[in-house]
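We begin with a single chain expressed as structure tokens, specifically the form predicted alone.
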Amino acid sequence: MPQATYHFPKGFLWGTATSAHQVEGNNTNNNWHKWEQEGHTNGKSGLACDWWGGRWREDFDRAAETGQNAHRLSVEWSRIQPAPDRWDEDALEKYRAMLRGLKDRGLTAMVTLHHFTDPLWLAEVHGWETEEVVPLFEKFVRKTVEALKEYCSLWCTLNEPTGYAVNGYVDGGSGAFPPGQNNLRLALRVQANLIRGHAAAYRAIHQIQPEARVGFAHHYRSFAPQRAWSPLDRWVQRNFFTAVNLGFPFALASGIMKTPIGSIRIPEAKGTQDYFGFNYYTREVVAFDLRKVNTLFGRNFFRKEADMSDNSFLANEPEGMYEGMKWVVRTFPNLPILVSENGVECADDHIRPRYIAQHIHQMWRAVNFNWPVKGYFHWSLTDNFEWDLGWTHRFGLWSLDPETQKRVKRPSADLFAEICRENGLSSAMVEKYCPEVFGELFPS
């Protein structure tokens, strides 16, 4: 049996990712809390992981004790600016305490400034639907960065902005994300305003902290045509790829937002990215379907033989991660890549060990080609409130009971700890935690 280790470069960041609303608890002043109270979600966030009550300390201890050297978290706009004319200094001090806690434990902080949630006062004036949001977001970013810059220089302006626009304004009929609309043109306007907001935030952060590294987290979606020989399936694949993957990143590279129905010029966005934040979870198959007018005549699904997660929410398709990184280095050369999210929902941990090993192996393949991959943040540290899915989908290295707040370490936490400490993936780890993929990752 071959023995080997796939090592990563010195200084590589290994950590987990979280977001404020999903872990803090009692976030009652934003649009997602209102969405939960209206019955659009599978349960309510409630205490979540009780980070606002102080349990971030024990979770940061868990991260540090298992070899992690970084953590990605977000701040909650509605806590910092509870009303248009009011700032909450106590909330900012709590975030300073969290970031000090990371620093004291030897973890590099990556702070996301907007992770899906908007203050109620902003939602009431139509949020990101109008350009008036841009100076409001910039004002919030300036206040927050000034307060936290002592402990952070790695900033993520927006998490998955295309997902924010699509889930709230195109898939709104499914009731997934607020405000639950189904209007493609409005979705494109929202995405354009998110791009403008990112550009304003990027320049504001660099004015305050010239040494900062600023980017956003893009949810890369991999699509494969059901029938490679079919021009219609390939057409759908190109449309899906353009709609999901090109709009936001291309705007930051060129100042032009590409969409399946045209382009929008946003010149101020050009050159506003210091790294590429890469979120990757799965790959889907797409096919032409005349009945699917609202999704550009395309339907998406997983391969019949795919290795599926608990609720068939994700397919384990690690090759899509390598494909995505290849696309990034070819399309946006010279940008460092941070894997800002990657993970799988699995309550009993039967799929997560091989998912982690296979995806980290694909990331190592990218590094081996000298592609500038600089870090990996696993989603997530503990189970948390998964938006419209509530507590039904478990992504944590530690399980969490939201009623008792009890955490229980899963075997995948030990695998990830060994990877972090070794700064690499070894054959011994794979043999111990996921022997079923040993031959694939370490062929004779």
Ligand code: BGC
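The structure presented is a predicted model; accordingly, all values stated were derived computationally and were not measured. In this text, residue numbers run from 1 along the sequence as written.
Only in words, not in the display: the form predicted in complex with the ligand, which the text now covers.
Among residues of the shown chain, F377 is not one whose heavy atoms approach the ligand to within 4.5 Å in the model of the complex.
Contact annotation for Y95: none of its heavy atoms lies within 4.5 Å of the ligand in the model of the complex.
Within this chain, F313 lines the site of the ligand in the model of the complex, having a heavy atom no more than 4.5 Å away.
Using a 4.5 angstroms threshold between heavy atoms, N159 counts as touching the ligand in the model of the complex. The partner is absent here, but in the model of the complex a heavy atom of H115, alone among R79, H359, R196, H115, sits within 4.5 Å of the ligand. In summary, among the residues Y275, Y169, Y322, Y281, the only one with a non-hydrogen atom within 4.5 Å of the ligand in the model of the complex is Y281. Only one listed stretch (43-51, 398-406, 378-386, 26-34) carries heavy atoms within 4.5 Å of the ligand in the model of the complex, and that stretch is 378-386.
Residue Q22 is the sole member of 5-34 found to place a heavy atom within 4.5 Å of the ligand in the model of the complex.
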